[in-house]
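So this first bit is one chain, no partners, the form predicted alone, shown in structure tokens.
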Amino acid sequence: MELPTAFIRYRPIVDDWEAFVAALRRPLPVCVWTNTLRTTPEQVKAALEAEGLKPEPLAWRSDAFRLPPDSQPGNRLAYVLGHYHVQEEVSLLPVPLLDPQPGERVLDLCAAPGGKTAQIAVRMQNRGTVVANDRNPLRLRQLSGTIERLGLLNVTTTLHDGADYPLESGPFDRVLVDVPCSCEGNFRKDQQVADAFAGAPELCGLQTALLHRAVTLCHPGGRIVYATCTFAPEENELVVDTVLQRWGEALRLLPARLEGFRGAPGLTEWNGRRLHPSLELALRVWPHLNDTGGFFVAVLERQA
């Protein structure tokens, strides 16, 4: 498999280029996480083993399991019963960093298809309110199916353009903004994503507007998590840098780190543009570091 030429520009910022390329050429492992509202990780592991699968607990999250790439855990009885959810490992990163607590009001601004919404609701133990928003009614329907299957009671859905989300619905304690992106980090699942124009100005403008709205909707002292599944700095650090400049001292970055998960720091310079020095606190995930897809996460706290 030839590496897309679009990825060559990342060579100066990847720590081990040969390992990066080798990882992109391997199929992606499958991952599931336990719905602890209905069962335990031990029971999920036993159910998967009974189906002839070989679940391996993640090094950084004991209630989630890695399965071989050709596994199909989504057509098993335990899945239908809502005992676990199938989701890529890197998609498990934003919610622990958002750290939602039972009883809080939490907004998932770009929620569909709903895997991260479900993680938030389970982590809040069905207490408090999770507002799952998306602008696509068909994708919201898929999200509603996930909510029902997992038995989530504290989730409501809204249909709005996230960049223009009603301010009167806020403020929220925490906001997740997992923005639409060029999806380069999904290359191991879909090689067509390399044809997308990473860093397109229209896309970056939308991402900036979504993050700015997320900050506006969060009350002072609250937390915002910005996430993408692309390598493109234009959609990652440059978006966060723009919003940091706009908000000044009213917004700061927190460390995006999870014990047991390997990541690289965010960039503080790209193509000659110097970025806010605190962006090194963001988390870049290259596929070879944990045998996953690519990802980016930044954790922000609103100060005022």
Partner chain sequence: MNGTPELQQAVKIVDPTPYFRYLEERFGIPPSTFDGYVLVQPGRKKVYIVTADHRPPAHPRPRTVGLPFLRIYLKFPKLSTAAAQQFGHAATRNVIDADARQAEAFLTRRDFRVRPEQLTHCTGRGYVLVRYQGHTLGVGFLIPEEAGGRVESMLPRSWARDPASFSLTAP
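In this text the structure is predicted, and so the values were computed from the model without any measurement. Positions refer to the first chain, counted from 1.
Keep in mind that the form predicted together with the partner chain is missing from the display, and what follows is about it.
**Q** So the partner chain isn't shown here. In the predicted bound form, which residue out of 166, 180, 96, 220 has a non-hydrogen atom within 4.5 Å of it?
**A** It is 166.
**Q** If the cut-off is 4.5 angstroms on heavy atoms, which of these, 76, 188, 212, 123, is the one near the partner chain in the predicted bound form?
**A** Of 76, 188, 212, 123, the residue with a heavy atom within 4.5 Å of the partner chain in the predicted bound form is 76.
**Q** Closest heavy atom of residue 147 to the partner chain in the predicted bound form, within 4.5 Å or not?
**A** Judged by the heavy-atom cut-off of 4.5 Å, residue 147 is in contact with the partner chain in the predicted bound form.
**Q** Closest heavy atom of residue 92 to the partner chain in the predicted bound form, within 4.5 Å or not?
**A** Contact with the partner chain, no.
**Q** Should residue 112 be classed as touching the partner chain in the predicted bound form when contacts are defined as heavy atoms within 4.5 Å?
**A** Residue 112 lies outside the contact set for the partner chain.
**Q** Should residue 175 be counted as a contact of the partner chain in the predicted bound form, where contact means heavy atoms within 4.5 Å?
**A** Answer no; every heavy atom of residue 175 is more than 4.5 Å from the partner chain in the predicted bound form.
**Q** When the partner chain is placed as it is in the predicted bound form, which of 200-208, 156-164, 222-230, 112-120 ends up with heavy atoms within 4.5 Å of it?
**A** That would be stretch 156-164.
**Q** Out of 120-145, which residues reach within 4.5 Å of the partner chain in the predicted bound form, heavy atoms considered?
**A** Result: 126, 127, 128, 129, 130, 131, 140, 144.
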